[in-house]
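Next up: a single chain in structure tokens, the form predicted on its own.
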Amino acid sequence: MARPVLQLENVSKKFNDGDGRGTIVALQNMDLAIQEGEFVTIIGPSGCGKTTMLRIMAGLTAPSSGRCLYKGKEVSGPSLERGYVFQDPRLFPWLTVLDNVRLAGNKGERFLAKMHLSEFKNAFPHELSGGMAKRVALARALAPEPDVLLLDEPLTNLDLSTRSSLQKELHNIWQQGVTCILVTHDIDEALTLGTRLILLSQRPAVIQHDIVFDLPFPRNLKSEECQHWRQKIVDLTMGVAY
């Protein structure tokens, strides 16, 4: 098997609880290898450490023990090779849409066009809808042309139509060769987009299940196969350790 593009080796992460009484263990002895070209979805209970896991992969947070590797080299900080999309778009309100995207790369107009936002390039963030702001955040993450896209619940709080549209954009991005890792609470979203699903336990998070979906795209969530997988995932999330 080829060398993983991203790898966690025995990674644990502890945080101070904030009042000096002890520590909170978010991740515990986690091992995970992600191959180039996968679309990995990560689900688990609220507060279990999904975002912490993603931030370690991005180099935004250092593990307390163990290590994270990107293409065989230890991650020591953020890199434009690993794009990150936060749950909130985090756009600078005093910059135009185009200037927000150009902060990450000089190909801003090209990626705004990919997100169907060319006519809004001179608009300011407060003039955008929630879905449009999410598209700008995606364009900004893509502007440096990363090999890996790390997505921390970027489609939450959107109406169904906008969410479906952005899911199609993420699928297109993945088809163009970008390895995607998506944190989500939505099993249907994981089934729609993922080639693989990682199910985390309650904190301290460990990987309870690692499932590969051998289902063709586009996926019909009402199909017998998808409904089978959906029920299986629901059943797994009802386990005691979850």
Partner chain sequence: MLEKAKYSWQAWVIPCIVILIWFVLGATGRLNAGVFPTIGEVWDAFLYLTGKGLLTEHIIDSLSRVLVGFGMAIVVGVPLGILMGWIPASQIWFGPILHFLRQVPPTAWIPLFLLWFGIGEGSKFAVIFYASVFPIAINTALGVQQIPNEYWEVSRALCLPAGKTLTKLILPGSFQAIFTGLRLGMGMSWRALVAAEMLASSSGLGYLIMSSRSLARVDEMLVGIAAIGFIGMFIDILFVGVQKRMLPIWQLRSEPVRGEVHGETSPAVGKRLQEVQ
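Residue numbers count along the first chain shown, from 1. Just so you know, these numbers come straight off a predicted model, no measurement behind them.
Omitted here: the form predicted together with its partner chain. The next part is about that form.
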Interface membership of L191, its partner chain in the model of the complex, 4.5 Å heavy atom rule: no
Residue-level question: is S79 within 4.5 Å of its partner chain in the model of the complex, judged on heavy atoms? yes
Is there a heavy atom of R90 no more than 4.5 Å from a heavy atom of its partner chain in the model of the complex? yes
According to a 4.5 angstroms non-hydrogen atom cut-off, is R102 in contact with its partner chain in the model of the complex? yes
If contact means a heavy atom within 4.5 Å, which one of 162-170, 67-75, 102-110, 147-155 is the stretch that engages its partner chain in the model of the complex? 102-110
Taking its partner chain in the model of the complex as the reference, which of L32, I187, V178, L60 has a non-hydrogen atom within 4.5 Å? L60
Partner-contacting position among R55, H209, R196, R203 - heavy atom within 4.5 Å of its partner chain in the model of the complex: R55
Candidate spot L95, F120 and F124, all three in 4.5 Å heavy atom range of its partner chain in the model of the complex? yes
